[in-house]
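First, one chain by itself: the form predicted alone, in structure tokens.
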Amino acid sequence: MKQARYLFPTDYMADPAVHVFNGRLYIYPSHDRESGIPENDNGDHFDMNDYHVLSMDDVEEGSVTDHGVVLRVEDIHWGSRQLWDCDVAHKNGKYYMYFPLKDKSGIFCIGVAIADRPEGPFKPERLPIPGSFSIDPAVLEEDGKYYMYFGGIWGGQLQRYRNNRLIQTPSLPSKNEPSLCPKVALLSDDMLEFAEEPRDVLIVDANGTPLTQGDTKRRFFEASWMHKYNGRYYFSYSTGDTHLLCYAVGNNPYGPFTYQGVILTPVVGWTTHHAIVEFKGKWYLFHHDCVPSQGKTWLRSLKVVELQYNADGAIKKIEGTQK
């Protein structure tokens, strides 16, 4: 697969979470729409109000099946608006969708919805995960345990928290201070709660020094994803306002993770969000850009491109749509 492929040209989908279930590849994207809300740094114009599930059995040439709407904001009585990107995990014949949504007071929480099939539909739990906050949940299964990674600054509200508690005056660290970290928490056996207090996912440089908030081309902004390759843990993420997808590598699910480099250079659009998955012997990077909508940052289109590694395990950099 030499060039990126647009996957679903009939609608605007973005922020893909991607998994292989029952030998078929399933995509769980956010669903962009024209909300009529002016653009701002808090992302209020990203006012998505439902999820679809897509699936395919051949990444490079196969058709994409749209399984339709599987969850709506109106189904979730504790929420108010903005169904941002989700992820799905499978355990004991059930499929658990983890989604961020603002509650009635405008604070993001992470909810859970359950289905009997990977294509849904998903039925939401009555309340969000206790103690959850911010956005971008991504789940890693490891030896029967499930770890959720989450968090995002600016519109993702991570700057509103310290030590997992809401603070009165939100703020980012100064440029020379360690950056705000994404979070990770082991999930409970029933997949409905955190089994522990969320921990910081520490990203460090080659000397073991935490990245600083001013290091905007390397520090975490949003879009956590975790995959394993050759026994090592690859934590990948977006730098947000500098529009890069980067990755760091560690030896266990909690880290620390040592920064390695850029996966994807900037695309047309304000930022990008992604998933990395192996399917039928190849690795793929799923992401999005705004080329089909002629640069409208709130109307994004799904893409996929093959991802390759060097012999030492380094990911080969992929050039985005924006030079």
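Just so we're clear, the structure is a prediction, and the values are computed from it rather than from any experiment. Quick note: we count residues from 1 along the sequence shown, nothing fancier.
Absent from the display: the form predicted in complex with a small molecule. The rest refers to it.
Contact stretch among 119 to 127, 220 to 228, 170 to 178, 191 to 199 - heavy atom within 4.5 Å of the small molecule in the predicted bound form: In short, 220 to 228.
Every residue of 30, 135 and 300 near the small molecule in the predicted bound form, heavy atom within 4.5 Å: Result yes, every residue of the spot touches the small molecule.
Distance check, residue 84 to the small molecule in the predicted bound form, heavy atom within 4.5 Å: Answer yes; at least one heavy atom of residue 84 falls within 4.5 Å of the small molecule in the predicted bound form.
Residue contact check: residue 288 to the small molecule in the predicted bound form, 4.5 Å heavy atom: Heavy-atom contact with the small molecule at 4.5 Å: present for residue 288.
In the predicted bound form, residue 271 touching the small molecule (heavy atom, 4.5 Å): Yes, contact at 4.5 Å.
Residue 48 within 4.5 Å of the small molecule in the predicted bound form, heavy atoms: Yes, residue 48 is a contact residue.
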